[in-house]
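Single chain ahead, written as structure tokens, the form predicted on its own.
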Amino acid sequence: MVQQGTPITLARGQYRLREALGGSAYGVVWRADDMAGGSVAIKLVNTGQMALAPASLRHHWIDAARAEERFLSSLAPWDARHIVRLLDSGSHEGMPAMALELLDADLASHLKAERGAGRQPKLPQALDWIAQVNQALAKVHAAGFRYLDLKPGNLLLDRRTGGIKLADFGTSRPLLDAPTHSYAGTASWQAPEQFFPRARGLYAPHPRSDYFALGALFFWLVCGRMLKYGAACAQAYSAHGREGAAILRREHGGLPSTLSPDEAASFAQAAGKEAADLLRSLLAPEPADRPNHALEISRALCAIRARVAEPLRRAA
């Protein structure tokens, strides 16, 4: 059992755990001291949850941790601009373990504090963050993976630079995997093809499933609330598990709307028509109707940012 003060020895050095920072179902993250007196984030398999899980799920968590380590190890140094940097790896008590760069907070916690203090991020900041996440997703896709769990809690903030980095790759799936597979991700941020299963209860997420989540994040940043679609999926999953998708489909006579007219109007009022057009494209119910690739999204964001900056230049 790990606790404060536990030493963790990995391939390149030893670390001493200081405090638990949080984690997910399969992983737990600690702040730790390294041998040089600096601080890192140590990610370990959640052995407490693993002891309660069936054998199949335990194997899945271990495989996910190993897949995350392989993915981060494959990145070139310059890829770390918007993806959390792997510093060291190895095992602890026979389970995969990683040392990652330590950042200041996740975006969910940061904006909860900011909004609690009456501060909402301005549109230029929201656009900048979305552009950074889009670049991170481009790296993930270029490396041969679908990310599949984009949400504010998986985006880490560097307060010094104002930048954010994508973290937690345990849910990522190789692009060359079977076209259908088991459930993966977080209900409140998932594209329809991730939440609503196809034949035999399997799911068919696409790289463009990540763009849907990018759209949900865009709406959340600009409007300060989750999409009604995401909230409905989260509620159905919380109440009924994976059966919630079928119940939700019956209640709506098909798929619920991914963007309601009042949500589209609120977003357009806050961000402008061009941004609203991009949002509708990102949140299209079918993957084929979403942007083709990150470059298309980047070009749209550049045009939106230029429009937003023009009044500021005139005022100056």
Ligand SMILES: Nc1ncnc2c1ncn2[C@@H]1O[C@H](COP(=O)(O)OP(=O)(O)O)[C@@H](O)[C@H]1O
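Everything numeric in this text was worked out from a predicted model, so none of it was measured. Sequential numbering from 1, following the sequence displayed.
Below: the form predicted together with this ligand, not depicted.
Under a 4.5 angstroms non-hydrogen atom cutoff, this ligand in the predicted bound form has L100 among its neighbouring residues. Though the partner is left out of this view, L21 does reach within 4.5 Å of this ligand in the predicted bound form, counting heavy atoms only. This ligand is not shown here, but in the predicted bound form it comes within 4.5 Å of a heavy atom of K43.
Under a 4.5 angstroms non-hydrogen atom cutoff, this ligand in the predicted bound form has V29 among its neighbouring residues. Residue V84 is the only one of V84, A236, V222, L137 with a heavy atom lying within 4.5 Å of this ligand in the predicted bound form. Of the candidates D106, D88, E193, D128, D106 is the one whose heavy atoms come within 4.5 Å of this ligand in the predicted bound form; the others do not.
Here the chain stands by itself, but in the predicted bound form one stretch of 206 to 214, 154 to 162, 129 to 137, 240 to 248, 154 to 162, has heavy atoms within 4.5 Å of this ligand.
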